[in-house]
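A single chain, nothing else alongside it, follows as structure tokens in the form predicted alone.
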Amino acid sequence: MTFTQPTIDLTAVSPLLALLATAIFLLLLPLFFRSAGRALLAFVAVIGLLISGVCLFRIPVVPISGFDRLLLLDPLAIAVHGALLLAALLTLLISLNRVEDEYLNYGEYFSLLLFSLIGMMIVTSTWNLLVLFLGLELFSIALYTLAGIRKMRADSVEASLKYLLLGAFASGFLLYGMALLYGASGTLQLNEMMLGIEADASTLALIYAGVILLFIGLAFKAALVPFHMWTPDVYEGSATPVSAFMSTATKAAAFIVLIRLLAHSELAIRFPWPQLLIVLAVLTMTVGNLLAIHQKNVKRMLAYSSISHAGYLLVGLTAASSSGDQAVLFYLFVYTAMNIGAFGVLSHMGVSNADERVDFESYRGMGYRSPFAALCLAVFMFSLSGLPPFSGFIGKLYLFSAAVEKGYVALVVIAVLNSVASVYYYMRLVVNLYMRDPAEELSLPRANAGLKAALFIALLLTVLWGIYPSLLTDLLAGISRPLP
């Protein structure tokens, strides 16, 4: 037996290597320099993200593979890596406003954030099911820990435990589906395992079962109904920056894997995805919006809101076309900016380690006490509800247009009605900002430079991508649906 040297292209993994080196350095730095404070560690983390972004920008647009096809950097992966880096950067900046009060080990927190980002980037840039599982577990374990990093708070420990138990249950579905697919095809490469399956009808049922189980595991990560029950409790119990990261980055990673899975299974085995996705989209949008209407807690409202937005993304996914996939990517970018921005304002409202202002009544009169933060929150609410001229409106327009092109008019009508219904609970918060007097004297902590920078970036992108969407669509125009 001859040994073949695997092909290793460091260019393909350079963004991951930059993040890995930064994450390890952040863990070791406080051990050798006890005087390393929050500002220094945050600076190191930001530099690592910027270096990773530069490495990503230097990757050619043609698909390149690293480690003998275990990792693949195609235009789809490169685009979503940009969204993930944006989510991590904004999360890190808003963390600076509260991290001093809530976290005992700054290096540990920033390092876990980067490790979860590495896992998500691995998940979105591989065709290999084993590597996919390893990446998914890497970012999941990091998020389980981040959810409970405020270990002195019972709600954070509860959130971490719930996320861990349900996440492990979903991972079981995912791993069993992978085992069935491997047993039926004899390969771990997603882009190869379904080729020629039609010639062997006896394995078709096994392939179908594997695809369904794999989809269930991914649906949990994307918070699709009926796999959404963990979302409000985990978001409420986690620290606000952690909730912001989970609501955006995890969704982006899951939907990119879904795009790859749907593209291959639909072509190779004619899996009836449209019927399934239509039902799930309607349920996810409707359940998320109906439950968000009754919330009195802003974090829980945003949690149910994130469920409804997963439903909107499913509308674009149902189109099963390159235009639909580009619409999904566009919406992932704009959702990252506006949702992390909204959580950033919530972080600003927090007053101490033991108290967070998360109920709607706490925001009464905020527009006159903290004008910039209130303006940002109002813009994010307008954009999340899909009102022009903000990027949320353009994103939904692209998603719904892609579905209409494929003839799913009834689905788009339901999506539009759900979007209209969501205006109620988003505008309810805006009314409290500007049209109601505070029930008590409202004193807000001083926002630091990191939070101000995050809010400004999120506000700028939310407005800019709404007025000039071509700034983003031109970058996504070359992305085509992945084929076997």
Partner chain sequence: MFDTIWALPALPLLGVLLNLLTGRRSGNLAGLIASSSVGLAFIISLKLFYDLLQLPAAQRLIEKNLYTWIAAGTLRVEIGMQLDPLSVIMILVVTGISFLIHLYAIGYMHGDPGYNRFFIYLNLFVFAMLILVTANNFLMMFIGWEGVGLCSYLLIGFWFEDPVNATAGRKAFIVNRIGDFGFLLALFLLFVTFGSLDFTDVFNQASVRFSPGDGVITAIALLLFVGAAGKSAQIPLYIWLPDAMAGPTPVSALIHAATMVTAGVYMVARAHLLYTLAPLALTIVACVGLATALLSATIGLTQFDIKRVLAYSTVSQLGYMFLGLGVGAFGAAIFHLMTHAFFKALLFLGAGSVMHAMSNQTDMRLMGGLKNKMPITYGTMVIGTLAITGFPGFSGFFSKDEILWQSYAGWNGRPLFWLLGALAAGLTAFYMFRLIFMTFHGKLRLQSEAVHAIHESPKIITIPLVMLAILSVVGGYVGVPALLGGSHRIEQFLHPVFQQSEQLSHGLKTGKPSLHAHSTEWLLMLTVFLITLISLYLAYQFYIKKTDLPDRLVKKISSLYTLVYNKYLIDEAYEAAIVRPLLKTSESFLWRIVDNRLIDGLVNTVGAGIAACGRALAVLQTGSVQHYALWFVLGAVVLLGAWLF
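Small disclaimer: the values here were computed from a predicted structure and weren't measured. Numbering follows the first chain given and starts at 1.
The protein also exists as the form predicted together with its partner chain; that form is not presented, and the subsequent description refers to it.
S.K.: Out of 363, 215, 380, 235, which one falls within 4.5 Å of its partner chain in the predicted complex, going by heavy atoms?
M.R.: The option sitting close enough to the partner is 215.
S.K.: State the residue from 278, 229, 414, 131 whose non-hydrogen atoms include one within 4.5 Å of its partner chain in the predicted complex.
M.R.: Comparing distances to its partner chain in the predicted complex, the residue within 4.5 Å is 229.
S.K.: Taking its partner chain as it sits in the predicted complex, is residue 467 near enough to touch it, meaning that at least one heavy atom pair lies within 4.5 angstroms?
M.R.: Although its partner chain is absent here, residue 467 would touch it in the predicted complex, with heavy atoms inside 4.5 Å.
S.K.: May I ask you to check whether residue 162 falls inside a 4.5 Å heavy atom distance of its partner chain in the predicted complex?
M.R.: Residue 162 belongs to the contact set for its partner chain.
S.K.: Since only the chain is shown here, I'm wondering whether residue 300 would be in contact with its partner chain in the predicted complex (any heavy atom pair within 4.5 Å).
M.R.: Residue 300 belongs to the contact set for its partner chain.
S.K.: Contact with its partner chain in the predicted complex for residue 109, defined as at least one heavy atom pair within 4.5 Å: yes or no?
M.R.: The answer is no: residue 109 has no heavy atom within 4.5 Å of its partner chain.
S.K.: Establish, in the predicted complex, whether 40, 46 and 122 all lie within 4.5 Å of its partner chain, using non-hydrogen atoms for the distance.
M.R.: So, no: the whole triplet misses its partner chain.
S.K.: Considering its partner chain in the predicted complex, find the one stretch among 219-227, 240-248, 81-89, 308-316 with heavy atoms no farther than 4.5 Å from it.
M.R.: Careful reading of the contacts points to 219-227.
S.K.: Could you list the residues in 153-182 that come within 4.5 Å of its partner chain in the predicted complex, counting only heavy atoms and keeping sequence order?
M.R.: The stretch touches the partner through 162, 165, 166, 169, 170, 173.
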